[in-house]
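One chain comes next, on its own, written out as structure tokens in the form predicted alone.
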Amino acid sequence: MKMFRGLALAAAALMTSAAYAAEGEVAVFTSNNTDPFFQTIRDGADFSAEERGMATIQYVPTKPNNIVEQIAQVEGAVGREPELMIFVAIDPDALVPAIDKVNQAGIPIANIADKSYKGDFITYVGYDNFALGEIVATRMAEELGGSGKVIIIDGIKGNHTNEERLKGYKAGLAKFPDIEVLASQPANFNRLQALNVMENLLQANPQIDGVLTIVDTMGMGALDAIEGAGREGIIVASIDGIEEAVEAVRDGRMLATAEFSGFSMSCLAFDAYDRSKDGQEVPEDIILPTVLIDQANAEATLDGLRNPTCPTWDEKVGN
């Protein structure tokens, strides 16, 4: 357990920047405007800020997942002296110097979704990505009856979320010795790239029984390729629980996905800030439960996605 060691207002009295944020401003940093998952983070932040009479400024690289641009955005936001920052790192290691500047300015910052191991954060809010990968891969292997040929489409090499989910996929499949991984190829978290990768893999492999993708957007790209090629009997599963993927699960086009709620992560980041500001203890890591989404709970999941509400602190974290 830890308590955040500085408040924005204390630092603001010592700074002379010409660009000041309005009181109650929250700077929110996400990786791109192309993946619907990141919109759920922005929606959760907007919802939570409005509840508190605060306002958000959304920082998104104009080129998806551009590390250089995100660094510049973080450094630029420091000069505005926001009351709070909500931060998803494209590359946690590359962002260390920028986060150092945030810490030096005394601006409270919460890290969500992709963990940064260096920096002073109020908390990290996220999921156990290894466990998400393992539960989805296990569900696929069971659906295949413990044998078959599987493709993995992963994201950006070196990205923490990507690597943990990939490890989880491999661990889940390894429990079934008659499952063969034909290939593991990256598509950089991009739907169109995943479609192109899948098209090439379909041409190269006459038998493919299952496809695992690191994020749902790539899962939808793979599904586009499979359906476009008229290849039947290939099971697709993924992670994130975005609305389009859950609809595909409900309709039987995808086998499963797993919850990775950006809305909930944003809500709990705001709650953590409230508690730290009041001098209450906040866990260093808030890890949300691993939830598989298949046809059994897809409709209920869709209801929650279309009418999102913030989870309570006690429900997800406890006292």
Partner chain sequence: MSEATRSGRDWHSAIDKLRGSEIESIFLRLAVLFVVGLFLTIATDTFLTQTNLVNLLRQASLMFLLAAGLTLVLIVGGIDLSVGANLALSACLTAGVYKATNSVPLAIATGLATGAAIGFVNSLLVAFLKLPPFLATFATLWVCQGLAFFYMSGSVIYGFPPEMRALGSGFWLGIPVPVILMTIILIFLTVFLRRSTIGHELYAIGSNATAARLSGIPVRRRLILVYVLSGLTAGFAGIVYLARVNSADAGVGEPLLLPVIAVVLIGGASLYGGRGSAIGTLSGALILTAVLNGMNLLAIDSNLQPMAAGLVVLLALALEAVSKKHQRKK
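Residue numbers count along the first chain shown, from 1. From a predicted model like this one, the values you see are computed outputs, not experimental measurements.
One more form of this protein exists, namely the form predicted in complex with its partner chain; it is left out here, but the text below deals with it.
Heavy atoms within 4.5 Å of its partner chain in the predicted complex belong, among the stretches 257 to 265, 273 to 281, 57 to 65, 286 to 294, to residues of 57 to 65. Taking the partner from the other structure, its partner chain in the predicted complex has a heavy atom within 4.5 Å of a heavy atom of R191. Although the partner is absent here, L195 lies within 4.5 Å of its partner chain in the predicted complex, judged by heavy atoms. Its partner chain in the predicted complex is approached by K157, whose closest heavy atom lies within 4.5 angstroms of it. Taking the partner from the other structure, its partner chain in the predicted complex has a heavy atom within 4.5 Å of a heavy atom of E243.
Taken together, the three residues E51, I99 and G106 lack any non-hydrogen atom within 4.5 angstroms of its partner chain in the predicted complex.
Only one of the listed residues (E199, D91, E143, D128) places a non-hydrogen atom within 4.5 angstroms of its partner chain in the predicted complex, and that residue is E199.
Using a 4.5 Å cut-off on any heavy atom, the residues of 32 to 68 that reach its partner chain in the predicted complex are, in sequence order, N33, T34, P36, Q39, R42, T62, K63, P64.
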